[in-house]
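What follows is one chain in structure tokens, specifically the form predicted on its own.
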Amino acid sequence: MEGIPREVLEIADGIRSMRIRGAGKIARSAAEALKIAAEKYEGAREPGAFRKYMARVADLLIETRPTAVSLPNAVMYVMQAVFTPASDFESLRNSVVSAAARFIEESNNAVKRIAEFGSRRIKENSVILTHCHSTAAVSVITEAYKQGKVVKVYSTETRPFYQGRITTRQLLENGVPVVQIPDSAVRYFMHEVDQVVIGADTITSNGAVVNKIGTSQVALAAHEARVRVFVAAETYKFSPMTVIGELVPIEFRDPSEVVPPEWLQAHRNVRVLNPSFDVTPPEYIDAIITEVGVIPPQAAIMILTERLGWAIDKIKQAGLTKLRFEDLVEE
């Protein structure tokens, strides 16, 4: 796209193609892209033109992945600096660069705080089950293991991308005893499990959790077995659009990720669906562990209004049902 630095386009493509994956990495990459965009801006050196340019970059980034709310929330965090009054271009650009750097630092520190809070909720001699890959969830489990509380972890493969294997590798690197299991074996092993620790891609205003496909089945099996479910998630995963009644779109990816292309060619009458996420209702979740503390799912709305109230107000004022920063920039 004309005028947008090559590095920014590469980051956007990396997010879209899932070379950059994991909500935290996606969020930090988006903030870095906005930082680069601001630093390398070559247009008219006046606030109005700069705001329009940054809005175009922000919208480009948001469109790469429709479900992972950490992406638009990271963008909102940085773009708040774009919408602050500024008398000159340089001070506006500097505020954007500073906001991006601050978000990246806070994001990295958030995981440490979540590990501290979450490890306190893990019982002694626990068997933990986790699904997919979440840096926050891994940090909670690892910290609890270091405190001598975890005796074993069951980690699902998480098909079709097998992100659970990343979790298994990271836990092993930290010395945590871990057993890899197929997604379909969760209910079989749940009778051995003391607590479930998972991450989240999106948390809605009513406390429902949107996460990798299969998460709701894990939570359902845990609920049946009376096993407590903890969600480890940074506050930038809470969705402001759900406050105004919008549903979180569930991303459907290419069927070739599930079955080989030649199989699709040989069975053209078969429709193959590949949803990336599902929704776990709040009644199946015991607590959400964030960097600001451990909260019940019903308190999600408080986090949203405190952290992203400015964006919610702007979206309401503009009457938007889809977040587009170009629609928020005043002419």
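For every residue, the number given is its place in the sequence shown, counted from 1. Computed from a prediction, not measured in an experiment: that's the story for all the values here.
The same protein also exists as the form predicted together with a small molecule; that form is not shown, yet it is the one meant from here on.
Novice: I need the one stretch from 184-192, 77-85, 93-101, 131-139 whose residues put non-hydrogen atoms within 4.5 angstroms of the small molecule in the predicted complex.
Specialist: Contact-bearing stretch, as computed: 131-139.
Novice: Spell out, yes or no, whether the shortest heavy atom distance between R51 and the small molecule in the predicted complex is within 4.5 Å.
Specialist: Flag for R51 set to no.
Novice: Does the small molecule come within 4.5 Å of any heavy atom of T64 in the predicted complex?
Specialist: Looking in the predicted complex, residue contacts with the small molecule do not include T64, since no heavy atom lies within 4.5 Å.
Novice: Even though the partner isn't displayed, in the predicted complex is Q163 close enough to the small molecule, meaning a heavy atom within 4.5 Å?
Specialist: Q163: contacts the small molecule in the predicted complex.
Novice: Heavy atoms within 4.5 Å of the small molecule in the predicted complex: does S276 have any?
Specialist: Within the cut-off, so yes.
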